[in-house]
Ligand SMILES: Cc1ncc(COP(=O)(O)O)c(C=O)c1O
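A lone chain, given as structure tokens: the form predicted alone.
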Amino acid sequence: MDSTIEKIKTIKHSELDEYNKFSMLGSGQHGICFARGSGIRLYDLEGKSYIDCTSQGWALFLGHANEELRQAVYEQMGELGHLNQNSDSLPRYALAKKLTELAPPNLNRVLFTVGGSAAIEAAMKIAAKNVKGARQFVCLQDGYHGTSLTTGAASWISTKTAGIFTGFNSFSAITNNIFVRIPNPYLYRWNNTPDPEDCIDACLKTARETLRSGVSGQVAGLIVEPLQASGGQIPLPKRYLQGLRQLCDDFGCLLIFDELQTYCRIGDYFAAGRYEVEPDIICIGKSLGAGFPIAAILIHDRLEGFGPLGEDVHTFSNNGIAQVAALKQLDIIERDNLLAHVNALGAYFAEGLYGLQKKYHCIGDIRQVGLHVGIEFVEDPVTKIPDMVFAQTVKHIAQAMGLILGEAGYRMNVLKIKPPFIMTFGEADEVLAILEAAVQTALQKKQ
């Protein structure tokens, strides 16, 4: 009898429209059907190759079909796979200990959960449990923390930022109204004074005034992404993050770092370490499991954690397969010194993009931290008017040329380069060459 995999492979390209009827998407549209992947490349049903600069939701540090990960998962599956949350296991012990060794010194307790939204909600529960009587949270404009009814309410998708309430409009009547937003330090779009540092001061001043007089009662926590990825690849300045730490101390609320996208990709294990800020809670996910669903929160020693009474229960939060994959990925990152490579390759991309920026005035800003790389396209570098249509044209042309780029949420004029860590400098040159060719073609179409 044919294997399950072989049966799947019998689906023909001509049949995809029929199969699309059975698959409901929560985001995006049906597009390329990929048949396999290897390293930084994906291949469609017809064998065409694409360089994947999205790491598929930014989740694959080691690329596609990594053999060492496959072997580790295979071995663990032969020992033990799924366990209930209240069953102890060696993979969970080992991964929790490893993460605390890499995290800031005082964050020494770990809870595993099933995904990013669940991790953010777990962090909110911890904050509510420790800041007695608090009922509200503060978050940032352009922030993105998930799409559950709670985390979606803290994200730009539940506002009119994109001109409408986006798809989240369907749920606005039942979302939790517990978030107050403060401005984010988007230095590229600060026009009030010649000095971008003034933007940091203004944002911190507003944050202080909001905590003092803009929220009814005590605030439980301030949730922040150290780099706003979905909001436009906006790195938050070190001084700003350190200022938020001081404000949380002054007003008795917890500082929660949403590191779902910065974990390792920022060029350090945690943005908290890179920016020398000790949050009270760190949330990680996405890439944590090397493509397997897993997320986690790490909490400060001084906080009261969850007890045994069902405060945060998920059937699949103790998945040994995902835990082993996460451990093996960390082993490879350490062994191959990949974080140094992340910083070097990210800087290489930035240098190449700055060269393109000098040649093409449609490139307004380059933002790079580690392998978080954002390219903001504008109509004119002086007016900085966002050019969404042009950016999307570049994206689609690049895809036809074999390069998959990401985009930044509602800021569709910002394209992302966030490849697997294993990309070489030669492969980075391929990306830059295709990108330039796509920009040239898009400019010709625009004339």
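This structure is a prediction, so every number in the text was calculated from the model and none was measured. In this text, residue numbers run from 1 along the sequence as written.
Omitted here: the form predicted together with the named molecule. The next part is about that form.
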Check: If contact means any heavy atom within 4.5 Å, which of 69 to 77, 108 to 116, 127 to 135, 85 to 93 contacts the named molecule in the predicted bound form?
Finding: 108 to 116
Item checked: Partner-contacting position among 322, 260, 234, 271 - heavy atom within 4.5 Å of the named molecule in the predicted bound form -> 260
Check: in the predicted bound form, which of the listed residues (291, 346, 146, 364) lies with a heavy atom within 4.5 Å of the named molecule?
Finding: 146
Note to self: Whether residue 265 contacts the named molecule in the predicted bound form should be assessed with a 4.5 Å heavy atom distance threshold; does it?
What the structure shows: no
Next item on the list: Find out whether any non-hydrogen atom of residue 225 is located within 4.5 angstroms of the named molecule in the predicted bound form, and reply yes or no.
Entry: yes
Item checked: Partner contacts for 27 to 64, taking the named molecule in the predicted bound form and a 4.5 Å heavy atom cut-off -> none
